[in-house]
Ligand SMILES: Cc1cc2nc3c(=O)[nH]c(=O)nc-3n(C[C@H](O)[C@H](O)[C@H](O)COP(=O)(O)OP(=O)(O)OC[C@H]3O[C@@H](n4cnc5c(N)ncnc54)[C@H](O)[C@@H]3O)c2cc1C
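Next up: just one chain, as structure tokens, the form predicted alone.
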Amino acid sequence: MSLDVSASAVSEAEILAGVAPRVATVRRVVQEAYETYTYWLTLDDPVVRRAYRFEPGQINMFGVVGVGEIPISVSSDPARPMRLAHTIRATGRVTNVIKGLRPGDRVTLRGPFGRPWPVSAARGGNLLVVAGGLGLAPARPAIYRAIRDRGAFRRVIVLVGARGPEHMLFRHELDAWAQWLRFRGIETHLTVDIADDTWPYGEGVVTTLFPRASIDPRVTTVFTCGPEIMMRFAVRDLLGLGVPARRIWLSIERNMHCGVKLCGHCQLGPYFVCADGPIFRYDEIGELMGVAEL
């Protein structure tokens, strides 16, 4: 496959739809946690780069020529789409090749695809973000947007859990949010399943932070992302606190290939995660997640 994919080679409609692969160059690689790296990219073609926009929670198909593509949420600030971050854990054939990328290497992107986080739905009330492990990466753009538009929300609460301190993503940023950003009204609480002597925050699963957050179910909209079992328990506890199912939103991960609702690999009941998701309202998919069985 040639890497000569420019604006002149595809139609404007394809550029805007994100179906055609666009070439991007790796500008920076940052290790965020154990076996987890953020790849900062710029799209090579200036026309495509200027046209590209994404919403919080949307995904790109991140490709390595001759190896394959994987669906990855954009983890950077949607207000700055000229530089795109994708946070990836090395766990399989494609991601282990991605792990070897260095600045100057070229990859392909298709997207953005999918339904984003409905940040506007929380305006006027409280926004509660509940993230576990790698799930913080898809939620991060929504947090950035809430910070930029802080006056639109009563409270912005960020609860993050990880297996251990070495698995906590964006640690320097989270420390800042938990400490000196308090005056801006961003309430951040962190926890790990197993702490060590250097860990200054909580110990336990992320749902143990709910009492500390003092959640008001009448005015709270929830965004949650992480391992599916974590989200199931989080939703169960949130429903028990009185948060309505229609105000709980989840980011669902499935095996996506085409990104445009054709191949069927990511089907979840009547939905296709690549197009109908990856963000779903809980009352749309609750029966498919089996929370009532917990």
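Note that this is a predicted model, so its numbers are computed, not measured. Heads up: residue numbers just count along the shown sequence, starting at 1.
Not on display, but discussed next: the form predicted together with the named molecule.
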item: Partner-contacting position among V94, A178, L101, V205 - heavy atom within 4.5 Å of the named molecule in the model of the complex; value: V94
item: Of I143, L109, I72, I157, the one that lies within 4.5 Å of the named molecule in the model of the complex (heavy atoms); value: I72
item: Contact at A33, L174 and T191 by the named molecule in the model of the complex, all three, heavy atom at most 4.5 Å; value: no
item: Non-hydrogen atom contact M256 with the named molecule in the model of the complex at 4.5 angstroms; value: yes
item: Any non-hydrogen atom of T87 within 4.5 angstroms of the named molecule in the model of the complex; value: yes
item: In the model of the complex, L238 touching the named molecule (heavy atom, 4.5 Å); value: no
item: The named molecule contact in the model of the complex: M230, any heavy atom under 4.5 Å; value: no
item: The named molecule in the model of the complex: contacting segment from 205 to 213, 116 to 124, 148 to 156, 72 to 80, heavy atom within 4.5 Å; value: 72 to 80
